[in-house]
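Form predicted alone, single chain, as structure tokens, below.
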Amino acid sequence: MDLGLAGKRALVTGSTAGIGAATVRELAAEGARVAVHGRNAERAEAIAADIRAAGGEAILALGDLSTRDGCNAVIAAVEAAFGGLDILVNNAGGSENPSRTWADVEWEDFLENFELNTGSAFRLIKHFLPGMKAQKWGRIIQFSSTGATMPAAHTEPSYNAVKASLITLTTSLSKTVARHGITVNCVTPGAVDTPVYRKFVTNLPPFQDKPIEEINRTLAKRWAIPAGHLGEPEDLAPAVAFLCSGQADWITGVNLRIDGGMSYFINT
């Protein structure tokens, strides 16, 4: 299927590894002109070089999106190369300490996570949205987490709360800009085998001496994932590309769960 993305200008934040890297590669393969974002120039250039070697067009947009200056640096790089955006994928985020619980989380942790996850998305949306309105076309996608809709005990409360705010942001914005030809959607991954995930689980006391394959099998059972296994970044990227396409013109305000059936709610 031709998704009609040839020549579209796309920024995928947090695209030097994991889901972001898979997404920026997917969009480039569909013919989009992509900006690879990260805080490490060497890692970003490696992704961009792979895209160029495959015949795609990729530039770098470097900066720490949890700060205003870093966000402005990313915006400046995109504006200089593309003069605006057609597609904004707000994937950057996470938690500096996902092992925090209610016993040790502090208000400062909420603020830190808000800046990294929601603040970064908000700043980029505010800048690029006027251009999308002017051209009567745009795609904005946020990444949330299953922790936002079914948070468990003893999991990072500030991260879960902030990721939930991205779903609400998506719904609110989608209703505001739909008449301008702009869709706004959210993708909620389940348990996905990414470098960040591996760094976290391999440091947990029960798993420190275990191979990642054994850890993944154990956690897939513990989390009762109906598909029987964790996801891979490439399991999400095609769905993101579809939401960015013209075929998805009437899909907006959606929180699309891609989790191997992990979520047990009907639709949230």
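Given the structure is predicted, the values throughout are model-derived calculations rather than measurements. Counting begins at 1, following the sequence as shown.
As for the form predicted together with a small molecule, it is not shown, yet the points below apply to it.
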Of the options Leu116, Ile75, Ile141, Ile182, which one has a non-hydrogen atom that comes within 4.5 Å of the small molecule in the predicted bound form? Leu116
Contacting member of Ile125, Ala81, Val196, Met150, with respect to the small molecule in the predicted bound form [4.5 Å, heavy atom]: Val196
With the partner left out here, check for me: in the predicted bound form, does some heavy atom of Asn203 sit within 4.5 Å of the small molecule? no
Would Gly56 show up as a contact with the small molecule in the predicted bound form if we use heavy atoms at 4.5 Å? no
Check Ile19 for me: does it contact the small molecule in the predicted bound form (non-hydrogen atoms, 4.5 angstroms)? yes
Decide whether Ala92 counts as a contact residue for the small molecule in the predicted bound form under a heavy atom distance cut-off of 4.5 Å. yes
Quick one: find which of 81-89, 184-192, 98-106, 130-138 has residues within 4.5 Å of the small molecule in the predicted bound form by heavy atom distance. 184-192
